[in-house]
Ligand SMILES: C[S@@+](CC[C@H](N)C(=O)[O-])C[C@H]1O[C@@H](n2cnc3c(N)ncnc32)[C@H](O)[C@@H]1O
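As a starting point, one isolated chain is supplied in structure tokens, in the form predicted alone.
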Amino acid sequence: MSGALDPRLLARAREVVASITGFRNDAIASEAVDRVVRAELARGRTAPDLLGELLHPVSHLATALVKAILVGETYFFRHPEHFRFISHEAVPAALQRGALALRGWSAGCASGEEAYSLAACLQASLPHGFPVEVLGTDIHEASLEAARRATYGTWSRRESAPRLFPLYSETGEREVTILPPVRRITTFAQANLLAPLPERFGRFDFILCRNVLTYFTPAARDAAISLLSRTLNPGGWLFLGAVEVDRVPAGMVREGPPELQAFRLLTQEELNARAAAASRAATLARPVAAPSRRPVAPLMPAPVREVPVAPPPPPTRQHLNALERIEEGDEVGASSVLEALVRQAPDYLPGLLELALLRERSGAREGAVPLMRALRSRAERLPPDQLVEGPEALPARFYQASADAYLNQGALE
């Protein structure tokens, strides 16, 4: 069926998809929405029929639209650095903390490859018989049905992602099946990252939510991260994609190299220690009142002196000023500060990244791309391990990796 589609119908379809998924408008593929709508019209339905159905987001049409726009790119041990970190660093730390069981969650697991990879990683990294559970959730039930079948083809195995832990066995020329011990500890359930996970699923020590939030609006991304962090056990880890967040989530600390995007939830003891340290620092910083003295009138007028022009504040201080404005919801003011900062210090990498991400969050991708290109160009000139001064000292490779991930993502969309 050809011809122009009713723009009101397409707009409503996109609104429904955005409300369900949290996706930014530019992350909702127009051709996918058009394809679903045309298919429904080809079945003999009318535009008013479809508009009426879309007044109720929970509907067959809404489900079809969400399925069409979801990005299903996943494979075993994607981003192997996360699984290596879990095995070598996070699991030993959890055992040292006295954990009696470990639980993982693959949030946005698509067809299940990530959930099974996490299960295999935990199982191989722990003593035999140590209790392990992994939950995989996705918004699309059909993807979960594929995950429960536990049978995969060559698309799920990539040369770029090594087989780090025992995971599957060959069952045919081009087919593999998940090993029974891995399958037994992995379950799947439908869930939306924008809604609280039902309490029956409990809390987790490891959460993987990678390459999902990059499509979300800023508000949806922040809401999802808040909900994810609420399901972590104290001391648990959250693993995100390369440029899905531009700062450490509240109540967490960065773990491992910055480009790993691994964050650990602080324990209550750590929170108490931080609060006590902040209180001591505030007490020490409180100015001591000077003794009052009667002013002495000058005998003669003081000579007029030229007041020197104060130099601009250092880049880091301006950057912190911008971050404070962002926290207060003043993104316009933050943008002005960052734009002035970039003009004053064009080689200050944290400022370039902060302004680019701020523009991305406000929907001005066309303004973010040149900044990311400049960031990559300047970061490439520095030794990868050279620490770059900023609110948080990070190596140059972090900024290059962030720019590459952002620009490569744009090329794929």
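A residue's number is simply how far along the shown sequence it sits, counting from 1. These figures come from a predicted structure and were not determined experimentally.
The protein also exists as the form predicted in complex with the named molecule; that form is not presented, and the subsequent description refers to it.
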{"query": "Segment that reaches the named molecule in the model of the complex - one of 228 to 236, 332 to 340, 213 to 221, 91 to 99, heavy atoms within 4.5 Å", "finding": "213 to 221"}
{"query": "Residue among A110, I178, V243, L122 with a heavy atom within 4.5 Å of the named molecule in the model of the complex", "finding": "A110"}
{"query": "Sole residue of M252, L126, I326, I139 within 4.5 Å of the named molecule in the model of the complex, by heavy atom", "finding": "I139"}
{"query": "4.5 angstroms heavy atom contact with the named molecule in the model of the complex for T21", "finding": "yes"}
{"query": "Proximity of R78 to the named molecule in the model of the complex, heavy atoms at 4.5 Å", "finding": "yes"}
{"query": "Non-hydrogen atom contact L70 with the named molecule in the model of the complex at 4.5 angstroms", "finding": "yes"}
{"query": "L265, heavy atom within 4.5 angstroms of the named molecule in the model of the complex", "finding": "no"}
